[in-house]
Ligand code: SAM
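Read the single chain below, which is given as structure tokens and is the form predicted alone.
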């Protein structure tokens, strides 16, 4: 991972040198941790673009590949993506990192850096204006504190992308990939399985970062489905029910939904019966199909 000056972007001494040169300090509020394990980013980049390659084979490589990266940091992962994709758009919130990225990634003319909050960026518009005709995927080392909001925005926006490859905290990674109907499943898991097929690719130890976090991480890939696996009349109602049921997951769905939606138990009981679901079940016991039937009955 050499840059144009022969410096290794995962070398701790070089990271400290470039931070010192640009007067940069880590921000706890932004959850900044830079990767120092040289094997991680090439594997992530390969995984991100692997799914695109499979899609493009069916189209006889008719399209070019593009990646939207969230939070490039000093450009360790960005560099690997630029080597493999036709175009990379990196969205970085911290403007202090912009001059660093200009230096570390100066050799790549297929990179565009946007200084903005990805939660505020109109990603549909960005893809339409900048990546029209490209096969697009998302790749990111996500700050732990904002993992769920970013993933939910990417999914709920229903972007024309084929996959999302992200590094997240190890335990949340397991929950994100847990299939509805198993104990580890949560509200976000149900949303993930509605839009895609998730898979855990590999683990990353806490010692792979500077500064080292208190937990290990995992890289997961969410392979976007061409269409949801269940038919439902109202997606908004589906996810309202999912959130209500999991908000009080120790309670039965009868009690949790009644409390979460502010509807009488008698009315909720009737709707659950109409859906053909047992009212004494808990949220973690319901499949996506069962939630869809509930949503339709409501």
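Residue numbers count along the first chain shown, from 1. What you see is a predicted model; the values in this text were computed from it and never measured.
Absent from the display: the form predicted in complex with the named molecule. The rest refers to it.
Of the heavy atoms in residue 255, none are within 4.5 Å of the named molecule in the model of the complex. Although the partner is absent here, residue 202 is not a contact residue: none of its heavy atoms lies within 4.5 angstroms of the named molecule in the model of the complex.
In the model of the complex, the named molecule lies farther than 4.5 Å from every heavy atom of residue 156.
Among residues of the shown chain, residue 30 is one whose heavy atoms approach the named molecule to within 4.5 Å in the model of the complex. Contact with the named molecule, judged by heavy atoms within 4.5 Å in the model of the complex, is confined among 126-134, 192-200, 215-223, 70-78 to 70-78. For the marked spot (34, 141 and 145), a heavy atom within 4.5 Å of the named molecule in the model of the complex is present in each of the three residues.
Contact with the named molecule in the model of the complex, defined as a heavy atom within 4.5 Å, holds for exactly one of 117, 184, 86, 109, namely 117. Exactly one listed residue, out of 176, 100, 82, 91, brings a non-hydrogen atom to within 4.5 Å of the named molecule in the model of the complex: 91.
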